[in-house]
Structures are given as C-alpha cells and as structure tokens.
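Quick setup: one chain, the form predicted alone, written in structure tokens, and binding and motion questions come after.
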Amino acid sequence: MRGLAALYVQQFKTTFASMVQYRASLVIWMISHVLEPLVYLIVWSTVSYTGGGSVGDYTTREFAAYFIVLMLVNHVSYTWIMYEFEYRVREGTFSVTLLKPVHPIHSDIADNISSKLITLPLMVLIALGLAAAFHPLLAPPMWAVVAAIPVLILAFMVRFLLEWTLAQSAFWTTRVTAINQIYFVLVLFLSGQIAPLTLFPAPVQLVAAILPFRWMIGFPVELLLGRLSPVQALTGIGAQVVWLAIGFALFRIVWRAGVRVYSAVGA
C-alpha cells in the first residue's frame, strides 16, 4: 500500500508537469468537455422557453441546472483509456508496462485522478460563469449533497472499470474505433447526457435503469438536483455497487484472457 501511495504521488507530479508543458492541449480538452453540454443546455432551454416554459417535468431554469451539473459530473467520471489503450498495443509500448511490478491499471487511475484534481477548479469556474448567464434553479437538500460524494466516487469507479475492460478488446483487434463509437452512442443516450432520462419513453428508461450508464452519470446528476428521495438514492447506490462488482469481475476475466493472447504490433 505504501508503494502504491508513492506511485500515485509520483504520477500526480508527472501529470501536472505534462499539463503545464502541453497547455494548448489542455485548453482544447477543456473546450470539448464544456462545448457538448453547453450545446444541449442552449437547445433544451430554447425548446422549453418556446414551449411555454417547460418540457416534461423540467422548466427552463431546471434544464440549465441539469446540464451545468452534468458537465461537472461527466468531468469527474470521464476516462480516456479507451482512446489510449489501442495506441499502446498497436505501437508496442504496452510491453513496457507489463514489465513493471504493479498492474498498469494503477498508473491509469493515478493519471486520471491527477488530471481531475488539476482541472476541476477551472471547470467549477466555468460552471459558475454558466450559472451567471443561464440562472439555473438548483437547491438540493443537504443530505443529497453529502450523499453525492460517495455516489460520484462510485460513478467514477464503475465507469473506469467498464471502460478499461472494454478497452482491452485491443488485445484481440488493434482497431477498436468502431467498438468505442458504439459504446459512446449508448452512453450518450442511456446516461442522460443528451437529455434527462425522464423525457425518454418508458422502455428506454427501463433499459437505462438495467444497464450501467445511468448510474455513471444520470443518477449523480439527478441526486445533486434534488430530484431523488432518500430511498431512490439508496437504490441507486445499490445499483452502483452491483455494477462495480460486475465491472471488477469482467475486468479480471478479460485481463487474464487478453494478456495470454497479447502480442506487440509496433516496435
């Protein structure tokens, strides 16, 4: 444990130095994370305004609150491993990580958490700026704010494990772009990113409740908006724990099988 703690500390230093060196890339990445929810915010706020001030059970100001909170939640839970894993296998750089005394997932976890800690203050400032511009209606109860801490941690863990597991498909095929795109389309519609899930037909809501995507993004957003009862919050945490267990089991199974068939493609 002491060695892992030292690893995480060192990874934070490395990530910080990298972000300082590549400031332009950081700005582009931040813009991409803000632009998508901002577009949906403007679209749904306009639809709500022209429709008499509400759509479904969301008013114009509640739409603003939803997408501003979603931007922050998505930032906390987002991972980029699905983009990088293919490159590591294709270029052969993954071979080096297999020689290290710790599992490569620890380095990715440390890198991901480090980048979030560095960029989160800026994301909060952007969220405050959007709040000043769109006047969101946001007044969650204190218990929901407190409960959001473990919920966000679980959301990140579930998403990270599932995406790390899916990224390992690069062990069998070095071109996984199509797989990634299918996954991200499912996340877009079934996690609540494109619109609140309550606006979708009942069958879609049912599928979203069964699959893990809602519990990675939509559920934390709904909790922070104060739209859930304590019982619903506990049910959601239970679903997150179940998917965390499923994700961990899948990760171990796929990892053991993938390492056996792995062969470096690049130099």
Partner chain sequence: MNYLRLFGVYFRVSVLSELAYRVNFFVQLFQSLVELGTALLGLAVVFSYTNTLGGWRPDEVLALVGVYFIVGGMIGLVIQPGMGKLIESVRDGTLDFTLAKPEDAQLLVSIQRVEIWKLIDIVLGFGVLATALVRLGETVGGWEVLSFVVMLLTGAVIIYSFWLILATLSFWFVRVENILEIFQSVYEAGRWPISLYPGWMRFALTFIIPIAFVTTVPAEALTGRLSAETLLGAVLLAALLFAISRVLWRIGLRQYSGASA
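Numbering follows the first chain given and starts at 1. Being a predicted model, the structure only gives us computed values, none of them experimental.
If you look for the form predicted in complex with its partner chain, you will not find it shown, but the lines that follow are about it.
Name the stretch, out of 64-72, 214-222, 32-40, 237-245, where some heavy atom lies within 4.5 Å of its partner chain in the predicted bound form.
It is 32-40 that comes within 4.5 Å of the partner.
Give a yes or no on whether each residue among Ile113, Ser229 and Ala233 has a heavy atom within 4.5 Å of its partner chain in the predicted bound form.
Not one of the three qualifies.
Quick one: is Ala208 in contact with its partner chain in the predicted bound form, heavy atoms, 4.5 Å cut-off?
Looking in the predicted bound form, residue contacts with its partner chain do not include Ala208, since no heavy atom lies within 4.5 Å.
Just to confirm, Thr173 within 4.5 Å of its partner chain in the predicted bound form by heavy atoms?
Contact with its partner chain, no.
Taking 4.5 angstroms as the cut-off for heavy atoms, does Phe189 touch its partner chain in the predicted bound form?
Taking the distances in the predicted bound form, the answer for Phe189 is yes, it comes within 4.5 Å of its partner chain.
Heavy atoms within 4.5 Å of its partner chain in the predicted bound form: does Phe134 have any?
Phe134: contacts its partner chain in the predicted bound form.
Check each of Leu125, Leu98, Ile182, Ile149 and return the one that places a heavy atom within 4.5 angstroms of its partner chain in the predicted bound form.
Answer to the contact question: Ile182.
With its partner chain taken in the predicted bound form, which residues across 39-56 come within 4.5 angstroms through any non-hydrogen atom?
Stretch hits, in order: Val39, Tyr40, Ile42, Val43, Trp44, Thr46, Val47, Thr50, Val55, Gly56.
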